[in-house]
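Okay, so here's just one chain, in structure tokens, the form predicted alone.
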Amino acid sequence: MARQKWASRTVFILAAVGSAVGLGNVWRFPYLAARHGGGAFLVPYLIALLIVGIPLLTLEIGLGQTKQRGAIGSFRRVTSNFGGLGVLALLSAFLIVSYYAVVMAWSVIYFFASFGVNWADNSEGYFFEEVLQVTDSVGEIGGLNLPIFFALILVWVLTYFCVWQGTQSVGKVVLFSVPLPVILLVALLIRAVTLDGFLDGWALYLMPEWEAMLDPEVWTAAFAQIFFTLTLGFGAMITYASYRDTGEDIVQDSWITALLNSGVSLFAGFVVFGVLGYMATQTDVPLEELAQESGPGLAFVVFPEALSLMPLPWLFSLFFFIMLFTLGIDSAFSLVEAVIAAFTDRYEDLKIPKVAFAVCLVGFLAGILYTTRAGLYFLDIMDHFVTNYNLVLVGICQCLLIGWIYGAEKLRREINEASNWTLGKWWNWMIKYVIVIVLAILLATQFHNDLTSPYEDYPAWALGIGWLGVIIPFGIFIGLIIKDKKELKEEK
């Protein structure tokens, strides 16, 4: 059975950019820049892009394209007893998409609320009390939040129809879902520059505080942002690249994907801080305080409040939440597609629509916990542990696998054979040494922080759920390596 293929190189690039550009580009990057030295943050950020982001992205795209398999199959073709690394990546991706879809469900609710700008009187109260109906603690489940539950069903139905025909349906969707949020960002930027105070916002965003570069935390934040924003360690880029012809330019397309992703992050910063600068002129809240919000607080509290202060607030609110949804769904269905490929690679007689339905159904069921009134707490815990441990572990392991077992030089030559732009031997050093060291530092720093200061002061049992999200996938990974080694010995 012939492996499915992208309709064109452009479609692949759109799909890869859609996977990389997600909610973090809008609600995390601008906040990090403002918090860590403004324009000075761009220096460690760009350094991280060059020595971690692009080399590791090239590895994943090169691996998928040369091995013509998804994450599990590609690692197994590198060495027959390392398919478990793909399982670790895909289990982690599945855990993430199960709660990522819930954030998209919030966006659906806000989309419909935009017509009446329902949060105008109290954006914080609207988000926490009316939308989330959040309980007082993680131990108080509070039952299902039915609006979020039904919105989640809609999200998974739409996700299914994005992936139900594999590259054929994904290719059609990304033709409009990837450009659309950029167009909406442009519209929001045009509106922002007509508002009072936008230059104050831009000054906070870009004004360099060079002494910040002496703080190790700034460098840690820059490397972590690059790693997470490029969808590295999920198996998604490997899977997407496996649907390319083996002769397509790997190096050039890796650079294009990475630079477009970072470009959207930088552009989103101008939009976010232009609007926050205006909000600071309309309220008594200092701009520096507004800029301290990241994640859900920025996207569902601070920014909506700022939009409510604008002329035509309903229109620009619609733009914003359509943008959030399209950013989210491109990333979400890339993770779902990576899981689907694991089954269709192994069992070639399986029909993609049936596998897609099963994966989406299980993803929906796994996300029900996050639709309870304590769902925000569980989402926060799982996101913290899976992104800070599982994905970093996958990144380290795949660098060790390629760098020391398969051979970085061997993969570099395979990549160069297909590329007009070629990789120099510096890439070998990045894969074998630099990225491993950087990611190990990230991992050790996070582990030390979690041991010395329990995350957000959650109770031990709740943090234990987060640790299980790390331990169980990693334990399965180790178990599969031992099983495969044992089977190889028996065959010999």
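In this text the structure is predicted, and so the values were computed from the model without any measurement. From 1 onward, residues are counted along the sequence shown.
The form predicted in complex with ligand PFF exists for this protein as well; it is not shown, and the discussion that follows is about that form.
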Sole residue of L88, I72, V359, A332 within 4.5 Å of ligand PFF in the model of the complex, by heavy atom | A332
Sort through I96, L184, A418, V78 and report the residue having a heavy atom within 4.5 Å of ligand PFF in the model of the complex.
-> I96
Mind telling me which stretch in 224-232, 314-322, 418-426, 251-259 gets its heavy atoms within 4.5 Å of ligand PFF in the model of the complex?
-> 224-232
Do G24 and ligand PFF come within 4.5 Å of each other in the model of the complex, heavy atoms counted?
-> yes
Answer yes if any heavy atom of Y278 is within 4.5 Å of a heavy atom of ligand PFF in the model of the complex; otherwise answer no.
-> no
Closest heavy atom of W119 to ligand PFF in the model of the complex, within 4.5 Å or not?
-> no
Looking in the model of the complex, any heavy atom of A20 within 4.5 Å of ligand PFF?
-> yes
